[in-house]
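Here's a solo chain for you in structure tokens, the form predicted on its own.
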Amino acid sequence: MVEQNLGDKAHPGATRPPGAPPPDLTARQVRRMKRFDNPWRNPKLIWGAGLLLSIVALGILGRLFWDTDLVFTGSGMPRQAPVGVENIRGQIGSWAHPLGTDVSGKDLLALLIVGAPNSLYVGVLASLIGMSTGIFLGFTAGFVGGRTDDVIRVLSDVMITIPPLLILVVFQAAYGDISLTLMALLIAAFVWQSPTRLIRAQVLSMREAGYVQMARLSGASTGHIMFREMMPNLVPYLFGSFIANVTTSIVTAVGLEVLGLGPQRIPTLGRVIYDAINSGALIQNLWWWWGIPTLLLAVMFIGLLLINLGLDEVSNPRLRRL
């Protein structure tokens, strides 16, 4: 308001359309003012979404322009370096395998095209199932209350004390080879507790609000009040919690895969890193075998972090500064 008044004094007699920025602001300040009008257009959210979409594009477009059958053993000469790099035999990498091969002759580019979306799929599916469970249980516990609240609260408190990685290691070591979907379901069993507790706390503070009381007086059902009246006010928070759960799920999946307890025949980033470590890639200086998948994981986590920071700005106007 102060800047607007100053702008009006600096241009006496000038008229400005409603919503137009003061004339004395810089272009950068004008762009930031527009972010207040539409907080979903903040750079962190856009850059983070762009990084994740690049991972998805790698899986979709890569299958169109590259032969993914090169993920099989013996597809190329073992230990080939990336293009422009010399391996331990003094051989320069070729465009036949632009990112090199592993000790079994598998093409690393094909492994990344197939494996990166698979790792993202596990994280998104596990988070989606866990968040859906947490939303339902959290709204039910916070709004219904009573004995239902006690049961859900005690169950989440008990489950949150169980170390998930230890249980998953024991289960997968006993069960053997599993699919990506089954891995996502197992991880989802340990990511619903925190959303349940946090959503319950939010609903407890919202259920006495005026609009909720008006909905009750108008005869709206419990489900309508919870999911049509209250949930829209929690959308930015729910998105942020979903992204945080995706990160946790991917880290858990990669941890299991690096230990050799993930899918055995399905390429993932964690599986590529496990094969590199298990085959002595560090000792043989095959840095591209473990380094490029690790870099791709870092890009994935940076994208998720930027999205989370962007969603924080959407839900908290105080973080959006001029």
Partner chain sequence: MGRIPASYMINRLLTLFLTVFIAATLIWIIPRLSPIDPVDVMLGRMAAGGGAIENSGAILTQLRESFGLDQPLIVQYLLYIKNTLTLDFGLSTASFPTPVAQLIGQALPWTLGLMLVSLIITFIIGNLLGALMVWENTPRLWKVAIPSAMVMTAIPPLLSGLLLMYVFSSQLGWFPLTGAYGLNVEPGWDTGFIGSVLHHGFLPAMSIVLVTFGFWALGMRGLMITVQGEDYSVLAKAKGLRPRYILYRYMIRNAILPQVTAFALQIGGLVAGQVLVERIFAYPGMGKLLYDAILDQDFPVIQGLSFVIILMTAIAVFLVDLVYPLIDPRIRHGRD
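Quantities reported herein were computed from a predicted structural model and do not represent experimental measurements. Residue numbers count along the first chain shown, from 1.
Below, we turn to the form predicted in complex with its partner chain, even though it does not appear here.
- Screening 266, 58, 258, 45 for any heavy atom within 4.5 Å of its partner chain in the model of the complex leaves a single hit, 258.
- The contact with its partner chain in the model of the complex, taken as any heavy atom within 4.5 Å, belongs to 165 out of 144, 128, 85, 165.
- Shown alone here, residue 175 lies within 4.5 Å of its partner chain in the model of the complex, counting heavy atoms only.
- In the model of the complex, residue 97 stays away from its partner chain, with no heavy atom inside 4.5 Å.
- Of the heavy atoms in residue 197, some are within 4.5 Å of its partner chain in the model of the complex.
- By the criterion of a heavy atom within 4.5 Å, residue 54 is excluded from the residues contacting its partner chain in the model of the complex.
- Relative to its partner chain in the model of the complex, residues 161, 273 and 282 are all within 4.5 Å by at least one heavy atom.
- Stretch 246 to 254 is the contacting one of 246 to 254, 119 to 127, 134 to 142, 106 to 114, since its residues have non-hydrogen atoms within 4.5 Å of its partner chain in the model of the complex.
- For the partner-free chain shown, 287, 290, 294, 297, 298, 301, 302, 305, 309 of 286 to 310 come within 4.5 angstroms of its partner chain in the model of the complex, judged by any non-hydrogen atom.
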